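In structure tokens, the next block holds one chain alone, the form predicted on its own.
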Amino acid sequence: MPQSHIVKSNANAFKSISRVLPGGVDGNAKYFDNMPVASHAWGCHITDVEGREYIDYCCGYGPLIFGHNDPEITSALANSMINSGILYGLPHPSIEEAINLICDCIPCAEMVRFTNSGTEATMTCIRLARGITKRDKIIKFSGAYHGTHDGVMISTKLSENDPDYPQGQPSSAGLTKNTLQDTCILPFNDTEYACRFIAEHSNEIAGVLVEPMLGNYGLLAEKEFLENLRNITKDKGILLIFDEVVTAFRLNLGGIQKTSGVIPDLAALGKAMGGGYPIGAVAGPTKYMDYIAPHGSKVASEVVWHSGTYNASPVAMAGVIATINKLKNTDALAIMDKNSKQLRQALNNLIQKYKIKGVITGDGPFIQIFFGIEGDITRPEQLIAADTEKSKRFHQLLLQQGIFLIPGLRAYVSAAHGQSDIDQTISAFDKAFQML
């Protein structure tokens, strides 16, 4: 057996993987110290190469709302592969079935184009907004994460040295000056600033891209903020784009546009609706989505180009259909919400019990823990003073007890987490607080 396949420990396995995979991880944000290497997973449990089992609150960084290897989801995927095929390069009936399910859930959706990721979805939304308005600039908000394409890899991280708005700070090397100039960064949940800036620069702005809940920080957009964005973008002929990759099909079926009543022009969707299979989508009304259609009567400069070899493959559509149907026909969302509330309440109780400064953010199945700060947190810049070293310590203490949270102490609660898992997690929280 080749040396690279001899695994004796997580450390050895990670070292071996790192020889061929930069950093040993498939995404920069996924790295943390003493990283286990996964062997297999089932339900809400994941097992490493040493045979240690963890209660998993990472859930594949979000999409596994029914946990690992849910029988109904995996059966739908397998049946599609075996009985329908993997890839056609042609339209097929399951695309229509999947889109009808999405349109039944998402208020702004009349038509849908599928992508393979949320990154591709937000990228396509931005191109569509520019193609429709014939303007260049995009607005995004400080702390928001919309994927890894150039136009949005700006001001995703919190820093005391951020330049003044609307000038953004690159979150990656390799971004051009023109990209930075075409993406304007505004403060999240600051209605007055946003409306003033948009009014002053409306003739340059193609779209306003907003996460209705900042996925990296668990902060909800205030309803007044979203309503004012909707009003001024409509007035100025600017497209309002909701990035609901994190929130739709997990916070509820229709995302925050459903609960807030604020309906965007376009929505980027992804993650949860595939049940773990790679998926993304752009959804919107026909009058905007029709700009993507390859009409022969249009010249090339009038058509917004969107294509991809694996878009809307029969397997991906099987995942979407199985996932949304299961969400509609079970109490999975209610279970996730109930268990998350129990965990949030336990964390708040422990913060008081051990007199440790901290706040818990998030809603629905999303939980985020911050140490070293207190009070009502509504904007990401309020989190700059958080104690990141204490967070890393807490993460390691939980990992040692078999509880796997996303680095930065974010947790996704799935429908696979049972009461015994919740009880074990709360017990681990208590022990970790004692050792902080």
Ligand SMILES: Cc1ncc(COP(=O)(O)O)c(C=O)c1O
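All values reported here derive from a predicted model rather than from experimental measurement. We number the residues from 1 along the sequence you see.
The form predicted together with this ligand exists for this protein as well; it is not shown, and the discussion that follows is about that form.
Taking the partner from elsewhere, residue 319 is found to have every heavy atom lying beyond 4.5 Å of this ligand in the predicted bound form. Though the partner is left out of this view, residue 168 does not reach within 4.5 Å of this ligand in the predicted bound form, counting heavy atoms only. When this ligand is considered in the predicted bound form, residue 147 lines it closely, a heavy atom lying within 4.5 Å. Residue contact with this ligand in the predicted bound form: residue 119 places a heavy atom within 4.5 Å of it. Comment: 111-119 is the region of 218-226, 197-205, 345-353, 111-119 lying near this ligand in the predicted bound form, near meaning a non-hydrogen atom within 4.5 Å. Among the residues 246, 154, 256, 106, the one placing a heavy atom within 4.5 Å of this ligand in the predicted bound form is 246.
If you take 206-233 and check each residue for a heavy atom within 4.5 Å of this ligand in the predicted bound form, you get just 211.
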